[in-house]
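Here you get one chain, nothing else, as structure tokens; it is the form predicted on its own.
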């Protein structure tokens, strides 16, 4: 039986960990990438390996160190002798009000959300080509509708959406590249007021927040069940993108 392997960036916590669990349950071997969340990554990996022996491994790396990404991908691919999929999930999110944004903040957000996914894809492409593999980028609905107070974040995610189409052209016909664009799935860790949450939910036709599993299942669909789909960004937002 040929078990496929997938590298998931930022997979130790939150959305990334749910994606890892969902793909693992569906038969994938998973490489759980983390930057600082070592304990969470080890705990997740141990849990997955208890379910299926030698099916999950961890790999540490700061994705801002572009020169190290080739080696990171090599280490991931050598876990089980190849690589079938890359999920660019790792992301930075914080406000950058116009007039107070620093160059360091610009560089940090662009590096995390756009630059690293490009260079990871470039490093992974030779491995993915040999297995007719796939890339899924986790974008954001604010790639199309910028979030006030978060201009650099919004710009970086718009770039990631454009990168999805560009890579789909560059890597066709051997590698498919798609994106998933979440709406209100997980509230930011720094918190929103209950009034602000209610305001957001009122603008969603389904009148509720989604679940991380909604994004994970969309990623699984694009990896496993959509062999004639490439260059697309699938909005998973409860219908929020229907409105301006």
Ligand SMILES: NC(=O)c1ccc[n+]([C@@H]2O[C@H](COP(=O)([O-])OP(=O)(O)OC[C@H]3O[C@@H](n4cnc5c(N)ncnc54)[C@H](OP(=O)(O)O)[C@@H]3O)[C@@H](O)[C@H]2O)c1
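Worth saying up front: this structure is predicted, and the values here are computed from it rather than measured. Numbering follows the first chain given and starts at 1.
There is another form of the same protein, the form predicted together with this ligand; it is not shown, and what comes next is about it.
The closest non-hydrogen atom of residue 206 lies beyond 4.5 Å of this ligand in the predicted bound form. A residue is said to contact a partner when one of its heavy atoms sits within 4.5 Å of a partner heavy atom; residue 13 meets this definition for this ligand in the predicted bound form. Contact between residue 214 and this ligand in the predicted bound form is not found at the 4.5 Å heavy atom cutoff.
The closest non-hydrogen atom of residue 89 lies within 4.5 Å of this ligand in the predicted bound form. Between the options 44, 58, 218, 63, the residue in contact with this ligand in the predicted bound form by a heavy atom within 4.5 angstroms is 63. The stretch that touches this ligand in the predicted bound form, counting heavy atoms within 4.5 Å, is 149 to 157, out of 149 to 157, 128 to 136, 170 to 178, 75 to 83. Of all the residues from 112 to 130, the single one having a non-hydrogen atom no more than 4.5 Å from this ligand in the predicted bound form is 112.
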